[in-house]
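Coming up is one lone chain in structure tokens, specifically the form predicted on its own.
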């Protein structure tokens, strides 16, 4: 029941908001925070229900092979928690800034959250595609929401590239259905080892290209910098912190279930794409003068880190990839919120024009500093811990080129974040003494504190062992198949 509500509640909220708007702003002021809190709580509850054991929801009394089923396990639970916190922070930021006036934004927002939860819970390949299309359409609209020409152009580019990615996903699903006569992912996983290798290669190519394009991995990243930098701040944080992680989850789920035993060479391809994304994203970020575009290209690089972990195809690699996904949500959402708010207040996104910003916006600049140090990988912050485990996983797999790329990428990222911080802390003039409002500072401080706490937790608690357990269960496809098909 709880799995269904995690999708139905935000979906219903999206359709209720226009009705409330017809009866004036009072209803929106009363119910909108309740909707946001309800979606947050239900998403976390769905995550909790699947963390210890498989949680399933069947629809219409049909068996899994014929009907629709929702499945929550350790892997989907971590990403559901990621989506809950990332969406919650973006909702709070936008509500604090705009209130209930732009009610259409909240309609699109709740459609996005409902469909993302659907992707993370569905056990059916076609319904994954359907939810993908809903959340992609919502994301296109959110990117264009400000209606500036840059945002509209970025949204159109996102639409075109996203449609190409969706075509490849649908094509892979169609080939899988033709070969097996089923779209249930557990049933597909049971059938794939007996499939001809040529068919597997075609399906794998479609899936990897489709999900990599949706995630913004190099060389399929062309839409991402424009979309993430042109959108309003709350949307930038949501896109970089949460939306691209849905595609990472899908890539992990599909690659492990379908190709872990049947076509393990897929993981080598994912590793290569990860290395290219890491190096390409960092090199392009180092050339940016627009602070939001710098953060957007940094996202391309961070997707590369995660894909390297996935490409290792081991419990340690998957655990490190999932851990870094969660850490990146905190770090990059916080960075976009702080940088976006600073740019809005001083009316510029050019880094050189932000000279001396520390002396006029101390709270926000300090939060940005902690978040930048975390994403670079300064110990003992959370970014360092997840990068360390990624290096360990690469060395264990004897993928030394990937390990060197991880280290080299960290050096490049340090160079451009140091450049930004040196501008912030160099004395300068020309800014008003107005400081950001307390709710925004609280959100920035919370993200910064989480980066510190998650970096220290592995020293005092078995949190890393929990992520390793998630990785081990994700690799154990036989248990997944049995849980879905035998219940």
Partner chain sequence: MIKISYATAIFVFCIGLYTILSKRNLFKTVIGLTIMESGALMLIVTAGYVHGGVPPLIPMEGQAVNPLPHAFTLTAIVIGASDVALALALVIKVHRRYKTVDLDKIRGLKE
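Residue numbers count along the first chain shown, from 1. The shown structure was predicted, so the numbers you read here are calculated from the model rather than taken from an experiment.
Below, we turn to the form predicted together with the partner chain, even though it does not appear here.
- Message: I need to confirm a contact call. Of 370, 183, 343, 391, which residue comes within 4.5 Å of the partner chain in the predicted complex, counting heavy atoms only?
- Response: In short, 183.
- Query: Pick from 96, 268, 133, 261: which has a non-hydrogen atom within 4.5 Å of the partner chain in the predicted complex?
  - Reply: Only one option qualifies, and that one is 133.
- Task: Could you tell me which stretch in 75-83, 247-255, 143-151, 375-383 has residues with non-hydrogen atoms within 4.5 Å of the partner chain in the predicted complex?
- Result: Flagged stretch: 143-151.
- Item | Candidate spot 129, 230 and 293, all three touching the partner chain in the predicted complex (heavy atom, 4.5 Å) | Verified in the predicted complex; spot residues all in contact, yes.
- Query: Using 4.5 Å between non-hydrogen atoms, is residue 353 touching the partner chain in the predicted complex?
  - Reply: No, residue 353 sits far enough from the partner chain in the predicted complex that none of its heavy atoms falls within 4.5 Å.
- Message: Given that the partner chain is not shown alongside this chain, does residue 155 nevertheless sit within 4.5 Å of it in the predicted complex, heavy atom to heavy atom?
- Response: Taking the distances in the predicted complex, the answer for residue 155 is yes, it comes within 4.5 Å of the partner chain.
- Task: Give a yes or no for residue 163: in the predicted complex, does one of its heavy atoms lie within 4.5 Å of a heavy atom belonging to the partner chain?
- Result: Contact check for residue 163: yes, within 4.5 Å of the partner chain in the predicted complex.
- So in the predicted complex, does residue 100 come within 4.5 Å of the partner chain, heavy atom to heavy atom? The answer is no: residue 100 has no heavy atom within 4.5 Å of the partner chain.
- Query: What residues of 154-189, in sequence order, lie within 4.5 Å of the partner chain in the predicted complex by heavy atom?
  - Reply: The stretch touches the partner through 154, 155, 156, 159, 160, 163, 164, 167, 168, 170, 171, 174, 175, 177, 178, 181, 183.
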